[in-house]
Ligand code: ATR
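Below you will find one chain, with nothing else, as structure tokens; this is the form predicted on its own, and questions on how it binds or moves follow later.
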Amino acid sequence: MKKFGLLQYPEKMSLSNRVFNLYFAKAGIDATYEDIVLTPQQFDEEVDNYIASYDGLNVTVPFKGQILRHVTPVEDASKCHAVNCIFQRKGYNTDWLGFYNSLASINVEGPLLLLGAGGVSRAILYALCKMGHKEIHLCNRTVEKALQVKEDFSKECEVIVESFGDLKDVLKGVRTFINATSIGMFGELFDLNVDDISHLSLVYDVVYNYTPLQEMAKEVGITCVDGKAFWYHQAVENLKIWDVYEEKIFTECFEQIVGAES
């Protein structure tokens, strides 16, 4: 039996766990998928054992950068400075493809504002550069992290670091707002109202449950892409890397789980 899993902290039942296990069962693939919890203090000491004993792994916050010390990153992962998929001790970044492919039929207008400076944000920045965007406003609570992202992507595009306290003012000058943080996952609210976002053409929220930001965007008719689309497209790439992908069955399983939770 093949073993796959998600390295995470803190503990939660992931969408990956629910969808992948259903998929393996329906596709007749002899495999399991587990949520693996490691504390940040345990991570460097114990992660190599998991890499050695699992056929494939996913990596989520807060470990997407830390894992780089334990795998050989492929080109995209190196440029994103983040890994979210592991196979045969190689580190891949499928998050950027999750973002890129979820927007295949949607026009992403600039100027753009990206909120967050973690691993997902780095993947999104990489995807935006691939789309041809040369200037991205980046806002994060910790300015130092945003400045590090700016430095890491200096050869790819111009990153303009903005203060989190100036979020409303920065929003006035952009057409696309991308939330790459967990804000809204548990019902948290941005200090925003309908008037602050009504001029936007696109809101992209990586949180895959329904958030107040998504509700506000849909209320005023803004094109809104949520984290379910992001998750689906990066998951497809994971399964391809692990060589266990069957498109029709996977799509059916994803829709079954997501539909039941909507």
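Nothing here was measured: the structure is a model prediction, and the numbers come from that model. Heads up: residue numbers just count along the shown sequence, starting at 1.
The form predicted in complex with the ligand is left out here; the points below concern that form.
Original post:
Does any heavy atom of V61 come within 4.5 Å of a heavy atom of the ligand in the predicted complex?
Top reply: Judged by the heavy-atom cut-off of 4.5 Å, V61 is in contact with the ligand in the predicted complex.
Original post:
Given that the partner is absent here, does N101 sit within 4.5 Å of the ligand in the predicted complex, heavy atoms only?
Top reply: N101: no, not in contact with the ligand in the predicted complex.
Original post:
Does the ligand get within 4.5 angstroms of any non-hydrogen atom of G116 in the predicted complex?
Top reply: Output for G116 is yes: heavy atoms within 4.5 Å of the ligand.
**OP:** Report whether the minimum heavy atom distance between K150 and the ligand in the predicted complex is within 4.5 Å.
**Re:** No, no contact at 4.5 Å.
**OP:** Select, from the options 155-163, 69-77, 177-185, 86-94, the stretch whose residues sit within 4.5 angstroms of the ligand in the predicted complex by heavy atom distance.
**Re:** Result for this chain: 177-185.
Subject >> Among the candidates K168, K130, R141, K134, the residue which, in the predicted complex, approaches the ligand to within 4.5 Å (heavy atoms) >> reply: None of the others qualify; the residue that does is R141.
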